[in-house]
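Shown below, as structure tokens, is a lone chain in the form predicted on its own; questions about how it binds or moves come after it.
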Amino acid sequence: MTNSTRSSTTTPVGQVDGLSIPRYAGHSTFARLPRIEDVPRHDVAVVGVPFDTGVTYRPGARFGPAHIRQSSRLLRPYNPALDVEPFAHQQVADAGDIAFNPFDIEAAITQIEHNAYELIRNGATLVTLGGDHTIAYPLLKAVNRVHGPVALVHFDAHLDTWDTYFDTPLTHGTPFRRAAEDGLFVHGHSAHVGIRGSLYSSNDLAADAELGFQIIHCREFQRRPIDAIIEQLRNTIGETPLYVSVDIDVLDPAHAPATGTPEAGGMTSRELLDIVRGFDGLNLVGADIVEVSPAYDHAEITGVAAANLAYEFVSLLAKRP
């Protein structure tokens, strides 16, 4: 299949009509969008990476993509917060799940990078549903092959810049250490947002600072207006191509109980959505949402939050110049 950019005059194929077919019926694609094999081209691919071999506590994020898709059935074709119809101005398609070796992390990293690159190499953009946070590393590698080093905004309770776990360099706690070593993001134009909780030692912060991240701790959301935080992030990003990685545990467990390493005192879903909408007008070149572990969910609380985040990313992409 050949990808193309929005230069095509073909009218995008949108959602299944929610006023004609009940939302609980039909294919379980993201937002009930067409499958990638059912459209001649795609501008945005929503793809799952059901990988959780890198987790250090609760498993189950391998079931995250399917859960987020199920939780996306209520998404509608008009986004009033960003005043855009995200499926009318670009062809968005569900690309299914990337296949990989679940028993060999290094092999999986290579396979994820290769398959992600194949989806974007002709100008399309990925919104990825994880999966644990290990997958951010191969996704950044794929994005760099198209766009070069990016401004990385990383929403998470944790830094994810540790060196190893049990002498293993590829885990969900190490992806941005590996990304820094490979020069995949721009020093001084990247940020961690929502960091909180206990650490192994004060050295964790010192080691992270050397990688060029600005840190916006979660406690700052009690002390500063959202608009001020958005302005700080936009100034940090500048005109650099932007990649956003969201660990759903950046949200408080009240808003996202279904995750592998929950931490008290997190952001609300409203705060997170507001920050993401604040990236309107920036050069977004990719995003991932990871660490949804549905066995711990209740009433799709976590799945709905993740699905709405993906919808906001797709909406931002529809507004790019």
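Keep in mind that this is a model prediction, so the values were computed, not measured. Residues carry their position along the shown sequence, with the first being 1.
In what follows, reference is made to the form predicted together with a small molecule, a form of this protein that is not presented.
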item: In the model of the complex, segment of 73 to 81, 186 to 194, 167 to 175, 107 to 115 with a heavy atom within 4.5 Å of the small molecule; value: 167 to 175
item: Interface membership of residue 162, the small molecule in the model of the complex, 4.5 Å heavy atom rule; value: yes
item: Exercise: residue 261 in contact with the small molecule in the model of the complex, heavy atom 4.5 Å; value: yes
item: In the model of the complex, residue 158 touching the small molecule (heavy atom, 4.5 Å); value: yes
item: Residue contact check: residue 283 to the small molecule in the model of the complex, 4.5 Å heavy atom; value: no
